[in-house]
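Next up: a single chain in structure tokens, the form predicted on its own.
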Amino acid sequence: MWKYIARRVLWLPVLLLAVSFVTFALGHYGPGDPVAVMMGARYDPDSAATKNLRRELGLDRPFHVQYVDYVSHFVRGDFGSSLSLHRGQPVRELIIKKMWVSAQLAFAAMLISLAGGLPLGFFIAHRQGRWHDPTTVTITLVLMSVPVMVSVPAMTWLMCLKLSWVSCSGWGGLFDLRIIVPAITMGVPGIAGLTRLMRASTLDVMGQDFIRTAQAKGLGALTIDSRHVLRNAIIPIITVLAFSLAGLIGGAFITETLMGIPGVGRLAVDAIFARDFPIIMAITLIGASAFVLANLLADLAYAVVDPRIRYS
């Protein structure tokens, strides 16, 4: 097990180098120029001011020099400074605060998806062929199909304007009432996918020989469900849960924008339009690291849930 973990961890720098190189190359050779964005109407590629600014930012150096310099600073925890969006401010301070905001929102939404999807999927698997099964799946799919641009204004009108339960916008943290509307609008669509996945996994486990053996031995339905069905049915959910945890820092641009939440999703989109390379690179590399570690966490969780799984 420890050898497997060591191999996976050693692959992390290789994967991050590949991701960083591709992202840096796209930003360097892609259309647009951060200097042009910063100078606006005053931009003139041949003017002394433009050349001085490019030299000050280090953008006049060869590609490989810029890339090596960025990677060497990144491994020391220095993500650079914002070029245009928040000029001069350290990227590390900018994104850590906003990632924490997005993580709290995404965590609340994930809890709603899990609390709704897993019990529903387990329940309708035991009601296969009855009206509960297609009705539940249909309702969850309908809720999933509602776009965020519709659900956010609708929930805001109902809970904020009509019922006056919560404030209409802003952010106060995980335990503030203002998180209710964005968390529901982000979490409810995920219920459908988890319901269908849990239903399929539960049905697959219920058809296995060891379940029929447990029934033949006279074990009660509650014991079989809790000790055998649920524990084995939850294994495919681990992958979804692990990547959901990794996606906590990704942000939700539309929801954050409509609700006035200062998360990393809006920052990432603004940085792309502003050609702010340091912010784009930092968000990309931190996100890639999170997904690689989440994949490793999922593999280790498999061995905990199912003792038959072993890694060498």
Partner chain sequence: MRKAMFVLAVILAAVAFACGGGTEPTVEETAAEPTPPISETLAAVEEAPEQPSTDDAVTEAPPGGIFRRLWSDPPTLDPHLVTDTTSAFIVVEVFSGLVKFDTDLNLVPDIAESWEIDPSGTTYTFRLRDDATFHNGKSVTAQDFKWSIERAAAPVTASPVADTYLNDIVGAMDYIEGNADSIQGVRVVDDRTLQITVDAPKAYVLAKLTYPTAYVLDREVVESGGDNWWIENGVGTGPFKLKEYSIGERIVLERFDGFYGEHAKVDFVHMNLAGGQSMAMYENDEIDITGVGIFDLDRIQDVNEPLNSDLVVAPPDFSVFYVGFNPNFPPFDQPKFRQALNHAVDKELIATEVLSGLVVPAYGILPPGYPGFNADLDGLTFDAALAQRLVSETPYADFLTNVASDSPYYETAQAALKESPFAGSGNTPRIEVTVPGTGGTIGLDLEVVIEFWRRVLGVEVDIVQVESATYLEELDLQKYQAFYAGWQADYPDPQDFLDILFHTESSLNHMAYSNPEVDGILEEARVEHNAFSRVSLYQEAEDKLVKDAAWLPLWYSGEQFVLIKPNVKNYKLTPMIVPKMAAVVIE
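Between two forms, the rigid core is the largest collection of C-alphas that superpose within 1.5 Å. Numbering follows the first chain given and starts at 1. Here the structure is a predicted model, which means the values were calculated and not measured.
The same protein also exists as the form predicted together with its partner chain; that form is not shown, yet it is the one meant from here on.
- Of the residues Ile211, Ala183, Val152, Leu241, just one reaches its partner chain in the model of the complex with a heavy atom at 4.5 Å or closer; this is Val152.
- Partner contact region in the model of the complex: 88-96, out of 191-199, 127-135, 228-236, 88-96, criterion any non-hydrogen atom within 4.5 Å of its partner chain.
- Proximity to its partner chain in the model of the complex holds for all of Ala36, Met39 and Thr156, with the criterion being a heavy atom within 4.5 Å.
- Although the partner is absent here, Arg61 is not a contact residue: none of its heavy atoms lies within 4.5 angstroms of its partner chain in the model of the complex.
- None of the heavy atoms of Tyr67 is located within 4.5 Å of its partner chain in the model of the complex.
- Taking the partner from elsewhere, Ala282 is found to have every heavy atom lying beyond 4.5 Å of its partner chain in the model of the complex.
- At a distance threshold of 4.5 angstroms between non-hydrogen atoms, Leu161 is in contact with its partner chain in the model of the complex.
- Taking its partner chain as positioned in the model of the complex, the residues of 263-298 that bring a heavy atom within 4.5 Å of it are, in sequence order, Arg266, Val269, Ile272, Phe273, Arg275, Thr284, Gly287, Ala288, Phe291, Val292, Asn295.
- When the rigid core is held fixed, the Cα atom of Ala49 travels 2 angstroms or more between this form and the one not shown.
- Once both forms are overlaid on the rigid core, the distance between the two CA positions of Met39 between this form and the one not shown is 2 angstroms or more.
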